[in-house]
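Encoded as structure tokens, the following chain is the form predicted on its own, with no partner shown.
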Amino acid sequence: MSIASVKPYQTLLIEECGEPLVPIPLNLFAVESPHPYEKLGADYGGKSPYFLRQGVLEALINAQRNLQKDYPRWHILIFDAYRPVSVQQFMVDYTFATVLQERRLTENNLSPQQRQEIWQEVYKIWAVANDNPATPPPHSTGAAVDITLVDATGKPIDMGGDIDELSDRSHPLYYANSTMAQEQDYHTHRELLHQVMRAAGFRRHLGEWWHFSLGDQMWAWLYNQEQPLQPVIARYGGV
């Protein structure tokens, strides 16, 4: 495996607050069932993906309340939340293998350059799976969540791209300047999701419309870009 470079947010210190992981009350949200990574074969080792840190869960509930002020019967759909490092590794390897399959390549025949390019692509959306307490994958802290929206009938709102999609469409602002009506709708939906989450204290991943975090290194790094004179410290490390 190629060694991915340290991402900017991973240079921030973590002052672990010791807040517990708690189960998400799934009756309050929409969920994918069975869990999408378990369907692929990921083994959670008896742990559940539907856990978050207590403060993050409270903020997520507030985000849904924000949503339902204007869309009373809409719900946040939780695609993924807590992710053990072992599952992070499984999904990194799965994504690498999927790219090979789509391009009709075999790992044994890859040139060093091909291998490096594919790993770079994989790591655009996947954090390195490691047990280093200084650089935990965001989802392994219990402070990150991958989400979308469903309407009053339970139908997913079209965001113009799939969660975990390896393409430019995953960028939150991909459709921002489109003049096509349908693509303008995609952007509107993404911004609605962004607004309700941000109002609850979350920050959105710069490259993924579906990924939001609160209290981890990525959140702190994004917050500090906005408020350099009032910096915050990450309070959630790996669990």
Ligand SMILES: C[C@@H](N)C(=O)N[C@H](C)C(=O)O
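Here the structure is a predicted model, which means the values were calculated and not measured. Residue numbers run from 1 along the displayed sequence.
Heads up, the form predicted together with the named molecule isn't pictured, but that's what we're talking about next.
Remark: none of the three candidate residues (Gln120, Arg169 and His171) comes within 4.5 Å of the named molecule in the predicted bound form, counting heavy atoms only. Proximity of His35 to the named molecule in the predicted bound form falls outside the 4.5 Å heavy atom cutoff. Heavy atoms of Trp210 reach within 4.5 Å of the named molecule in the predicted bound form, making it an interface residue.
Using a 4.5 angstroms threshold between heavy atoms, Gly142 stays clear of the named molecule in the predicted bound form.
In the predicted bound form, at least one heavy atom of His205 sits within 4.5 Å of the named molecule. Of the candidate stretches 134-142, 149-157, 69-77, 108-116, only 134-142 contains residues with a heavy atom within 4.5 Å of the named molecule in the predicted bound form. Contacts with the named molecule in the predicted bound form, taken as any heavy atom within 4.5 Å, map within 159-176 to Asp164 alone.
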